[in-house]
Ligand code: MEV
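Just one chain follows, in the form predicted on its own, and it is written as structure tokens.
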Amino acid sequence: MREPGTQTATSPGKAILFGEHAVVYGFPAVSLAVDLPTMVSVRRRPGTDWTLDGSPEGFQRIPYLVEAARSVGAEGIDVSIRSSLPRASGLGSSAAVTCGLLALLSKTGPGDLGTLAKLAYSAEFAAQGVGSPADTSTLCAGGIVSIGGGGYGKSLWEIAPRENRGPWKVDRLPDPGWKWVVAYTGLPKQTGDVVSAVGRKVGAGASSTVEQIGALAERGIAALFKGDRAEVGKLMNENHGLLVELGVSNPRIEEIVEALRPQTLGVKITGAGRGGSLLALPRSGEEAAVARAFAKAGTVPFVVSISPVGVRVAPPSVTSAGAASPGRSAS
């Protein structure tokens, strides 16, 4: 049972399907909200301190928490987090915490997810100094989201430009109902460091690769809209090859990808790369076999479905019974 006066928000996880890194430069991307939940709970406490499970030092060690609390002038809160996402996995753990906390602390209503997404993106950007609104918009909206790929799906909101990048138009694409497999490689990644390194490479002449990733994302949006599973898988493989060109893979990731490619329609890095997770699209009915193959390759796999809703706040009377526990695996 939750302590009296505690409120809880639940956010899905996310996986980038197409367009990572390119979206930072204003090109399109596609992101999936997946059913790997994170629960953020807030209890009001005396005074003005921010604490994580009673620890001020613990709170201050997580810049996303600090920037989210600062952005709304929060005072006197104790936060606790329960997540089914591995940390530094590229599956949206920081964005899930940011969106969940701001859903509880901001004055945005349940129907004003666009304002919440903008607040969460600002907090994330302040915490790491780089990045796009893909993660936070996906976790606020739920479903399958395109960033900057207009012309398909339902228009949701627009994120204003930041440091001469953007604006980003956010749309929801139809969900074809497929199951996916995400696999944590066990190699932690630091999004800010990787995005900055890619930025230096783009400045040194890799801009054409970023443009190709953006163009591929546009094709991916069209294939998803048509429900063309084989084409989506083919484009995933192409997207992975372009990410390799950008330098965000490594020998361990390539070993896993090569092992899984014959058993999937598509498999690729999802997120910043150099660690984190991989995303695979199995053939229909072969999801468990793909998860077992990922486990045999030394990863932690999860068979996931699209989460149709994004971050949501539980009514005060609801308890935390049945909350997800860390490390749910479908291998």
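Residue numbers here begin at 1 and follow the sequence given. What you see is a predicted model; the values in this text were computed from it and never measured.
The protein also exists as the form predicted together with ligand MEV; that form is not presented, and the subsequent description refers to it.
Is there a non-hydrogen atom of T98 within 4.5 angstroms of a non-hydrogen atom of ligand MEV in the predicted complex? Outside the cut-off, so no.
Does at least one non-hydrogen atom of S137 fall within 4.5 angstroms of ligand MEV in the predicted complex? No - in the predicted complex, heavy atoms of S137 and ligand MEV never come within 4.5 Å of each other.
A314: heavy atom within 4.5 Å of ligand MEV in the predicted complex? No, no contact at 4.5 Å.
Contact label in the predicted complex: S146 to ligand MEV, heavy atom within 4.5 Å: No, no contact at 4.5 Å.
Scan L36, L279, A293, A272 and let me know which has any heavy atom within 4.5 Å of ligand MEV in the predicted complex. Selected option: A272.
Among G131, G142, P86, G114, which has any heavy atom within 4.5 Å of ligand MEV in the predicted complex? Residue within 4.5 Å of the partner: G131.
Spot the stretch among 41 to 49, 299 to 307, 283 to 291, 22 to 30 with residues whose non-hydrogen atoms come within 4.5 Å of ligand MEV in the predicted complex. Single hit among the candidates: 22 to 30.
Can you tell me which bits of 215 to 235 touch ligand MEV in the predicted complex, meaning any heavy atom within 4.5 Å? Sequence-ordered list is empty.
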